[in-house]
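In the block that follows, a single chain appears as structure tokens, in the form predicted on its own.
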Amino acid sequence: MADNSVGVAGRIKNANYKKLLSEHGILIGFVVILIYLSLATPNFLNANNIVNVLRQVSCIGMATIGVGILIVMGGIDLAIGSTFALTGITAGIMVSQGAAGYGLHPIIGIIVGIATGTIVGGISGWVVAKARIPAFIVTMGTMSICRGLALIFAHGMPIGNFPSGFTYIGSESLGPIPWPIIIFVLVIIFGYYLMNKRPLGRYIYAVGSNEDAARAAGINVNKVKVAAYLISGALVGLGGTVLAARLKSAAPSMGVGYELDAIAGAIIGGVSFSGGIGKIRDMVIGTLMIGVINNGMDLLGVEAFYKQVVKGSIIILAVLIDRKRSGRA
């Protein structure tokens, strides 16, 4: 009898451990990485370095929340990096005071940049929803189109000579906090409100969990898909515009590989490729983990080439964990 009680207690204890790791594993892993880097690199916890990490991840973090929402819905966007370039170029052309620009008011440039991302996302969402073409294929095509348009609009050259009113949102601060970080925080609040407080958020989870059941329940699945892609596109457009403002230049090559970082941040943050699972909080933690790992490898003197190997390995590990958690491995 006593042995049976011990066995039951052991199973309960193991179940509690599994629940803890399932619900808070990403946070625990993040804390472990922070502790290791703080011990291995004395400059890691320097206030300037922390602000620098947050500034660097802010733009890609906006895209991570956007693509995270799509993955929760069962979609994907491989055109994030190219959209960054296109939005930066279009915004830059509007405000540039050089020969390649129109020299318009900075607000117009910001609006055009966000609108460009929104249009790209809306077109992708419409094709995915109406033509029933897999999002992987659609956004792979969009990726090529956007990069090509960025090269055409910029004539293959970087766009610069931005006015200070435009670069302000990327390079200036409100007190000690840089504007890109403030904008990222506002995006986080928006994402949380959308996914937890608005009907659209519930519909996105429902479509990602079971599209047929969501349609049978009266949800306009096509409308939800288009709306999700519009929101994601707008967030990518905002990120691309802020990045151009921070760099004080926009080049057709801008954003190369950003789709990997954004998707990695979402997947590391526990967003399931099977759809229906994912929290804004964990997407943010996943983004910060990518930024911290990049920064930590820089401080440790690791060659840049190894970063891609590490991030790719982390993505594969995160997907394996997701499959194990969902019972598909």
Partner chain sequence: SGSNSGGNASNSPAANSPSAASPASSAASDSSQQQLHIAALMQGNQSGFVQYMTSGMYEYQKASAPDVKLDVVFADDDPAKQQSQMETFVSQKVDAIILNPVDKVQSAAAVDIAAKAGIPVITLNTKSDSQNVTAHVGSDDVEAGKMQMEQLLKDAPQNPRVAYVDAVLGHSAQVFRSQGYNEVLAAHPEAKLVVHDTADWSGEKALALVENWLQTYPNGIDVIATEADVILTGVITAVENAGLAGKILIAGMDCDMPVLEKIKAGVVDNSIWQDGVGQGSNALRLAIEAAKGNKVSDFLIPYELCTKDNVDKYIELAKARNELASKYF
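Predicted model, so just to flag it, every value in this text is computed and none were measured. Numbering follows the first chain given and starts at 1.
Beyond the structure shown, there is the form predicted together with the partner chain, which is absent from this document and is the topic of what follows.
Any non-hydrogen atom of Trp179 within 4.5 angstroms of the partner chain in the predicted bound form: Heavy-atom contact with the partner chain at 4.5 Å: absent for Trp179.
Considering only heavy atoms, tell me if Gly101 and the partner chain come within 4.5 Å of each other in the predicted bound form. Gly101 lies outside the contact set for the partner chain.
Within 4.5 Å, heavy atoms only: does Gly92 come near the partner chain in the predicted bound form? No.
4.5 Å heavy atom contact, Ser38 to the partner chain in the predicted bound form: No, no contact at 4.5 Å.
The partner chain isn't shown here, but in the predicted bound form, which of 103-111, 143-151, 227-235, 182-190 has heavy atoms within 4.5 Å of it? Of the stretches listed, the one contacting the partner is 143-151.
Is any part of 34-57 within 4.5 angstroms of the partner chain in the predicted bound form by a non-hydrogen atom, and which residues would that be? Residues within 4.5 Å: Asn43, Asn46, Asn48, Asn49, Asn52, Arg55, Gln56.
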